[in-house]
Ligand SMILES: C[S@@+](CC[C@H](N)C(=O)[O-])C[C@H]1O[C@@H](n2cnc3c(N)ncnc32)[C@H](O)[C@@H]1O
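Below sits a lone chain in structure tokens, taken as the form predicted alone.
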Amino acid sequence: MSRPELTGHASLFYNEKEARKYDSSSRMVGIQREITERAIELLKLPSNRPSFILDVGCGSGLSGQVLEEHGHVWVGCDVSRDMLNMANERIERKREEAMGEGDSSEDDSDNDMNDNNDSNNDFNNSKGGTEESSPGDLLHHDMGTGLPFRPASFDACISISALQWLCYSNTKEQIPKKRLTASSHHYTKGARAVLQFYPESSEHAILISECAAKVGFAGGIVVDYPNSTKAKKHYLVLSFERSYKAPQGLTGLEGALLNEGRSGSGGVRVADKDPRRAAGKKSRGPPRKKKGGGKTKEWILHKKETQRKKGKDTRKDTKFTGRKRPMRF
């Protein structure tokens, strides 16, 4: 299966059908919850008060729901209106449930305490007004163009499975470096950001780290379960505190990244885990054709992937791709 980032803009990929499929998948809901819980753990938020958190690429609001369960207030932005519609349905449904509970509690109090009617009604009305307001709000916006918030608006920021979209360009105007450095001044002093993403290659991880250091962040990329193909997760953990160092991954290993800054400035740097490069050898280029002009399976797959990145229609890969026919027709 090809990466969804290669199919075009995120707002086109996450249409109404894909949004409902995403939101109704128990597997996807479980993964999003697990990642969000880990992001909250890495943020190390104060436990004595709620925090005001920005959720970049909030999607259908799965991560925002986890933030609410932890007692935080959040604002989510996403480029897909269909995903935001799903998130809005969840918020409205929760608001209606809260109003229903408020009405039932008001009726019970009227039946039990007739002598204190006025005071009870005032208390229930104020309680119902508090529960009616949702701890989450939504904004339709492309995170690659910057965010329309005042400086020092948020205590923290999270992003779940969205940052990698900025590494791809669908038009000439979309330059990954500019899009990755568009938003950096919306956080209070000492605020932290945890951005979980799925890099296609080590080059994407390096690009994201360099852009984070360029705008003044300190920290690094935390890699959980680096030796697992399915459980491996990348978290870009950032702070404006120059002395900040990102924690280690869940396995206790040093992981894929170092926290020392570039030129000792406390920024973000990526340690190359490619064994060929670590040994000082040049990495091999794209697959080559066979001697005599024959096309290998690796060459065909690489050629098709290149065509997909250019936005051209390309047939799907199957088990018959690159297979040599036993005889000519």
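Residue positions are given as counts along the sequence shown, with the first one as 1. Computed from a predicted structure; not experimentally measured.
One more form of this protein should be noted, the form predicted together with the named molecule, which is absent from this view; the next part is about it.
The stretch from 142 to 150, 67 to 75, 219 to 227, 206 to 214 that comes within 4.5 Å of the named molecule in the predicted complex, counting heavy atoms only, is 142 to 150. None of 79, 86, 138, 98 but one reaches within 4.5 angstroms of the named molecule in the predicted complex through a heavy atom, and that residue is 79. The named molecule is not drawn, but in the predicted complex it has no heavy atom within 4.5 Å of residue 54.
The named molecule is not shown here, but in the predicted complex it comes within 4.5 Å of a heavy atom of residue 58.
In the predicted complex, no heavy atom of residue 235 sits within 4.5 Å of the named molecule. Residue contact with the named molecule in the predicted complex: residue 239 places no heavy atom within 4.5 Å of it.
Residues 10, 14, 22, 32 of 9 to 47 are found to place at least one heavy atom within 4.5 Å of the named molecule in the predicted complex.
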